[in-house]
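Below, in structure tokens: the form predicted on its own, a single chain.
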């Protein structure tokens, strides 16, 4: 077993992990771990932009209010204020470092997206913002002698004792080697869990690994029932999909049914630009009403040359399906997109486990509440990744515990096909039973089916497929148990058997070997 000691152990290579690695490298050595390569992340795939109140006609107060409105009274207002105020500083620093955002008449072009009352969304390369900003931050750490990158390395266990974390155990695929990573600062920036759904906009790697790691280590997990479904994911009978950016509706695209009728009029004062939970529910209802598998996004009333230049990726992807978005309607249907809940943290990204921090999509920092405001997620990566580094410095002396070797990791290829079949079944259970609209019967049925999968599997300790299936089951059950416990409809959690929203907002916190706890928000 190889051992690697560093001042910082960062698990995840999306924007949160990369940005924190850059700042942490100024204070010590960094081990940056990714289970695939550095460009496999939801951040890299992100078509939306990054929101900031930088226009003189805007204000941070406006941005705060829009975020709180989208979050359905479940946001931590202090966390939101930190996000929008410090977010401007972090973006200004990126621009000064050379990050290029799209311009209009020599000024940064600001887009409008659902839930925003002002144009405040910065883009880079049109709908390639995630790719551009990830590549830029990668360039900032390239060649940095303080940063050691471990690609193709799966972290399968956090090393914790008495609520203190001292590192992690990993397996490096290309070397077929076990690794023991020791550190006084363990950063979880491993992304979300929407990839466990059959219909998703996320990369296949977004399966909630960080949440299950933290849960097994004794961390508190908050509000997992809130899964945000992106309203406009491309629909095809084959199941192939890609994201149709929210910016398309920001630039005037209409949502229409099979009769070419706009159905968002009268559903919300912002119509197509309503928050995502409102739009997704409206689309779901329209599909049920018409007994069809999709609705349509319509752009033929917008200048065709503008559409082609504004959304080149979408234009080219649609052409592969023989659609010209300048004149043809785009079939769309909601898909699991963002894990709103996650590992509970304080305002400095600390968890309840000593030395363990979490930020980005894997965390529940309080900024999103019950429903994330569009384009706040990349901003969250920057703000709380930076705050985690600063807090690690301020904490001073860390508690250290001994790190011992355990059994070696293995890959039993004989069970691969069974694992893939089980993974596919889980994804379909989540899509059917734990989707946009839930009810008690569907949720209990989902738990029963997951239990059947679990009891049929011969789990092996330190074995890859057993480990992956266990992680999927843990994460899926947390989502379902949260959805069963929350007997109301709020944001990304809609119960058709509990249509109303409770007057008193509350969080639900899950911890291993403990009943779900309710935290009332004053």
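Predicted model, so just to flag it, every value in this text is computed and none were measured. Residue numbers count along the first chain shown, from 1.
This next part talks about the form predicted in complex with a small molecule, which is not shown.
Taking 276, 344, 387, 120 one by one, only a single residue has any non-hydrogen atom within 4.5 Å of the small molecule in the model of the complex, and it is 276. When the small molecule is considered in the model of the complex, only one residue from 372, 438, 156, 222 comes within 4.5 Å through any heavy atom, namely 372. Taking the partner from the other structure, the small molecule in the model of the complex has no heavy atom within 4.5 Å of any heavy atom of residue 361. Contact between residue 442 and the small molecule in the model of the complex is not found at the 4.5 Å heavy atom cutoff. Interface membership of residue 194, defined by any non-hydrogen atom within 4.5 Å of the small molecule in the model of the complex, is ruled out. Mapping the unseen interface onto this chain, residue 492 falls outside it, with no heavy atom inside 4.5 Å of the small molecule in the model of the complex. Residue heavy atoms within 4.5 Å of the small molecule in the model of the complex occur in exactly one stretch of 240 to 248, 349 to 357, 266 to 274, 387 to 395, and that stretch is 240 to 248.
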